[in-house]
Each structure stands twice: as structure tokens, then as C-alpha cells.
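Below you will find one chain, with nothing else, as C-alpha cells; this is the form predicted on its own, and questions on how it binds or moves follow later.
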């Protein structure tokens, strides 16, 4: 083997990393100090984009909207996924069918799922409001009420993604040694005590993985509000990613959108580090 053979073998990865990772990151950082609308040459403006960012109330509202989404989406997704995984972990007829059924929404296009839920939650013709009307209950403006719209989107996103986390939790549950449960049975432990003191500690790494994946996917919320509400009503479903997209591809503020993206990435990193500190524990 010649001395340059190892370098030749790793060169495709290095080329991929340089073109699709390193260059976009460096270029984005450079953009944060410039004003650029794609057509005209870039103009150096120093820290003006960062000053604008801290005064941009709509961006911080979009961040807060995303946080409200996560506060509902993550606990609901973990709770539902863990319950379904616990049920599937037991000997039930048709378990393979239910696993496939729960996972099916994950592989369906997000646009298709969002359009279906948009029809389901429609104020005038949606199935949910028809059921409420049949029960003599006032209809709910699921996507038009500023106090309800983001939570409706959170429930829909949970339904779409829960199948993936059911599979992860199921793998975690099946990795718990049965000897622990047998010893707990001999000690007279209840089902809750076995779940609390054996199952939860043993699947803690899986819980941490689910929390991190849910957080990152939640912070990237875009398709659902873009199709269902266009960020309305009154910007209450405007997510941070959707706001960055508008700045870049509707207003052509490429430098400012790069600044927003850079700041938003730091926020996500900070949240994940906090989660790692408080959620992940040694088993």
C-alpha cells in the first residue's frame, strides 16, 4: 500500500464535509456581518444585523411560539409513546400490525398529513367540530383561535411522529433484563413500583435520546404552521424557522436571516446542554 492510499480513500468524505458542511457554516458566519439580497454585491455592515436581532420583537415572539409548541409537544409525545410501547411490549395479539400502524404516519409525507389534519380541524366542515355539534357542544376554532392554534399543531405533530419514538421505547423496554422483574416479584413489588424503580432508570438513556430528538425536530417546526395557518392568527403560530425562511426567501435579507439562524442554533445548543444535564443520569 502506498503512503497516499489512506488519504485517497478518505478524500470523498473530506470533500463532502468541505463542500456541504464547512463552507456553508463559514459562509453563514461571514454573511452575518454583511447585507446581501443575492442580486447586489455584499456590503459589510459590522454588527448591525446583531443589533437588529435584539430589537426584533417578531423574532422573539416566533421563538416564544416555538417554545410553547415544545412545552406541549415533548411531554405529550413521551407520555403517549411510552404508554403505547409498554402495551406493545406485552404479549398481545396483532402486535406486529399495531407497530406498523403506529409507524405509518412517520413515513407519510408531512405535507399530506398536514393537509389531512387541516381538513380534520376545519371550523366549518371538520370532523371534530361536526362531532362537537352532534353532542350540542359549541364548535372550536382549532386553527383560528390565537389561544388554541399552536396547541392544535402540537397535537398533530405528536400524532405524526409518535410512531418513531414508540419503536425507540420498545427497544429500550425489551433490553431490560427480566431477572430484575422476577426479583421484584419475589419482594412483593407492585406494578407501579417495578415501573418506577426498574423500568424508568433502565430506559433513561432512551428517554434522553427521545427528548433530544423531539427537541431538535420541534425547533425545526416549519411545514405544519406554513400550510395550516401561514403563521397566523396574529403571528401566534409563527415558528422561528418560518420567520427565518421569510427573511431569506421572501424579503431577501440573506445576511439578517443568517444572523437569525446562527442565534437560533445557539439557543438549540443551550437547550440541549441543559437537557443533558438534568435528564440524562447514570443508571
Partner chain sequence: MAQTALKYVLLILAAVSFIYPFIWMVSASLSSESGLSSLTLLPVGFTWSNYVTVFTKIPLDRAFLNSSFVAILTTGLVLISGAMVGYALAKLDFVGRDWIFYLIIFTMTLPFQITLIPNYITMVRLGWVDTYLALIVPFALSSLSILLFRQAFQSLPQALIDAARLDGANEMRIIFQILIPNILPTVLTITILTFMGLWNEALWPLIVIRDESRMTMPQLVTLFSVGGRAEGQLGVKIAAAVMLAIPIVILYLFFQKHFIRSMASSGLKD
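Predicted, not measured: the structure shown is a model, and the values here were computed from it. If you superpose the two forms and keep the largest set of C-alpha atoms that fall within 1.5 Å, you have the rigid core. Positions refer to the first chain, counted from 1.
Beyond the structure shown, there is the form predicted together with its partner chain, which is absent from this document and is the topic of what follows.
4.5 angstroms heavy atom contact with its partner chain in the model of the complex for residue 278:
Residue 278: no contact with its partner chain in the model of the complex.
According to a 4.5 angstroms non-hydrogen atom cut-off, is residue 220 in contact with its partner chain in the model of the complex?
So residue 220 counts as contacting its partner chain.
Quick check on residue 234: any heavy atom within 4.5 Å of its partner chain in the model of the complex?
Residue 234: no, not in contact with its partner chain in the model of the complex.
Whether residue 109 contacts its partner chain in the model of the complex should be assessed with a 4.5 Å heavy atom distance threshold; does it?
Judged by the heavy-atom cut-off of 4.5 Å, residue 109 is in contact with its partner chain in the model of the complex.
Of the residues 119, 190, 136, 175, which one places a heavy atom within 4.5 Å of its partner chain in the model of the complex?
It is 119.
Just one of 84, 78, 143, 72 has a heavy atom within 4.5 angstroms of its partner chain in the model of the complex, so which one?
None of the others qualify; the residue that does is 84.
Establish, in the model of the complex, whether 7, 17 and 103 all lie within 4.5 Å of its partner chain, using non-hydrogen atoms for the distance.
Affirmative, all three are within 4.5 Å.
Would you mind picking out the stretch of 124-132, 195-203, 143-151, 182-190 that comes within 4.5 angstroms of its partner chain in the model of the complex, counting non-hydrogen atoms?
Stretch 124-132 is the one.
Would you give me the residues of 132-167 that have any heavy atom within 4.5 Å of its partner chain in the model of the complex, in order from first to last?
Residues within 4.5 Å: 159, 162, 164, 167.
Superposing on the rigid core, I want to see if residue 101 changes position between this form and the one not shown - specifically a Cα shift of 2 Å or more.
Where the cores coincide, residue 101 shows only a C-alpha shift between this form and the one not shown that is less than 2 Å.
For residue 134, is the C-alpha shift between this form and the one not shown 2 Å or more after core superposition?
Comparing the forms between this form and the one not shown, which are aligned on their rigid core, residue 134 does shift its C-alpha by 2 Å or more.
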